Ligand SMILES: N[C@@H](CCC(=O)N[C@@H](CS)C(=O)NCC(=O)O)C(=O)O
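Only one chain comes next, encoded as structure tokens, the form predicted on its own.
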Amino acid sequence: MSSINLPVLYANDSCPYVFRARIALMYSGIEVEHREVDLDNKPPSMLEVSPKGTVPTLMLSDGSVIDESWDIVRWAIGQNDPENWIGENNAALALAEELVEKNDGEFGEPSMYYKFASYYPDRDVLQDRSDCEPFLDELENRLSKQPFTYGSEISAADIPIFPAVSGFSKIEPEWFADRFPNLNKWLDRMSASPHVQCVKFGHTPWKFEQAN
């Protein structure tokens, strides 16, 4: 297929929201034109289709735009779901909706402060870490009964939370592994999955014509 006809994904390798979208797109076999975005120098073409200027932004071949990562995940799985990630009667997808809301909400803000604590010297880093623990405890309890969040196999409920939890675990890895042993094993299983391993990094910024 010519790149002219491909959906265009505006992305940035460092963004966990991009990571979740790319896992789903590759799982569903959806080829895209990847445009790596320098977030300090966003291309005008991206801002034209999505003025809020966030990544990921996916422009489909018909010109429609999806600029929320979880919406991209749902769209991709809706196009092709070869391993039934949505679960029986959409049960895994329903669980995913609940986990995404918590991952992006109650966990998202304190985990950001915890991860970038050096930029926020006036904040209590241990309190920020503590504020993240209720969501992680919920996952830890769920994973004490099964290998993945929905059951015995990867599903739509694992993909959207993996990037952020993985990033969190790397800040204090020994503390994390001791505090959340089942969650740590889940991260190992997810990291070893071909669905995660096939996502490549190291893109160079997309070159575009600068506006005058």
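For every residue, the number given is its place in the sequence shown, counted from 1. Please read these numbers as outputs of a predicted model, since none were measured by experiment.
If you look for the form predicted in complex with the named molecule, you will not find it shown, but the lines that follow are about it.
Taken together, Leu39, Lys42 and Ser69 are fully in contact with the named molecule in the model of the complex: each brings a heavy atom within 4.5 Å. Although the partner is absent here, Val32 sits far enough away that none of its heavy atoms falls within 4.5 Å of the named molecule in the model of the complex. Not displayed here, the named molecule is kept clear of Ser28 by more than 4.5 Å at the level of heavy atoms in the model of the complex. When the named molecule is considered in the model of the complex, Val196 lies well away from it, no heavy atom lying within 4.5 Å. Taking the partner from the other structure, the named molecule in the model of the complex has a heavy atom within 4.5 Å of a heavy atom of Pro56.
Per the 4.5 Å heavy atom criterion, the named molecule in the model of the complex is contacted by stretch 61-69, the sole one of 61-69, 142-150, 158-166, 171-179. Contact annotation for 173-197: no residue has a non-hydrogen atom within 4.5 angstroms of the named molecule in the model of the complex.
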